[in-house]
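The chain below stands alone and is given in structure tokens; this is the form predicted on its own.
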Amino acid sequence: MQISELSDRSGLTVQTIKFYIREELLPKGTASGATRAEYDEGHLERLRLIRALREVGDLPVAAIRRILAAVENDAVGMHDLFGTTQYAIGPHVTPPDDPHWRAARQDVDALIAELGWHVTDRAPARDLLAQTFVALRRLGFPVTLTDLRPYVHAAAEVAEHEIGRVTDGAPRSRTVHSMLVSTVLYEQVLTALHRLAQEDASARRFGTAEG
């Protein structure tokens, strides 16, 4: 296909596609003339992934380049590919020089160890959870394993479901795309369902929901 058709099918402008080619995020097409090139389904699949990383993941070009390099490197295992994508997405928290923060981070590390979860020390979510622990304690809410257990169980079940949907032998780019959607968009689904479930639980305990 020519670049105009690639633009139509990908939903990206010709100028954007040329930008991705210049940035070496997208391979050049096969020359079919002095000023023309042909593109294939591989280019379309790559553009869909780039678009998802940009629009859903809100990632800069440099981060996208790292993810695409991992996708193309078969020596990078699937777990490391997941990590490259997830760590690029973040969230990225800047740890303050604060004793409350350090105590919260130690509690997070102890929790992960107690759960037996295989998570690297540099996982961005460790710092996010520590930041949340600090906020809860400042508002007068203690953080205990008893309080956390329902959230731990729910998170583990969701994660097993998401990883279980990865098909052995599926294209690596499609796997990253699925990972991105699960991490960013389905987290919004989980938040929305949590709030709906809260309203339902409140209605069943305290009264009848209206509407």
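In this text the structure is predicted, and so the values were computed from the model without any measurement. Start at 1 and count along the sequence shown; that's the residue number.
Here the subject shifts to the form predicted in complex with another copy of the chain, a form of this protein not shown in this document.
Interface membership of A52, defined by any non-hydrogen atom within 4.5 Å of another copy of the chain in the predicted complex, is confirmed. Contact check for G33: every heavy atom lies farther than 4.5 Å from another copy of the chain in the predicted complex. Put simply, R195 is close to another copy of the chain in the predicted complex: some heavy atom of it is within 4.5 Å. Proximity of D107 to another copy of the chain in the predicted complex falls outside the 4.5 Å heavy atom cutoff. This chain lacks the partner; the member of R65, K28, R172, H161 within 4.5 angstroms of another copy of the chain in the predicted complex by a non-hydrogen atom is H161. Residue in contact with another copy of the chain in the predicted complex (any heavy atom within 4.5 Å), chosen from V76, L136, A103, V93: L136. Residues from 176-192 that approach another copy of the chain in the predicted complex with a non-hydrogen atom closer than or equal to 4.5 Å are H177, S178, M179, V181, S182, T183, L185, Y186, E187, Q188, V189, L190, T191, A192, in the order they occur in the chain.
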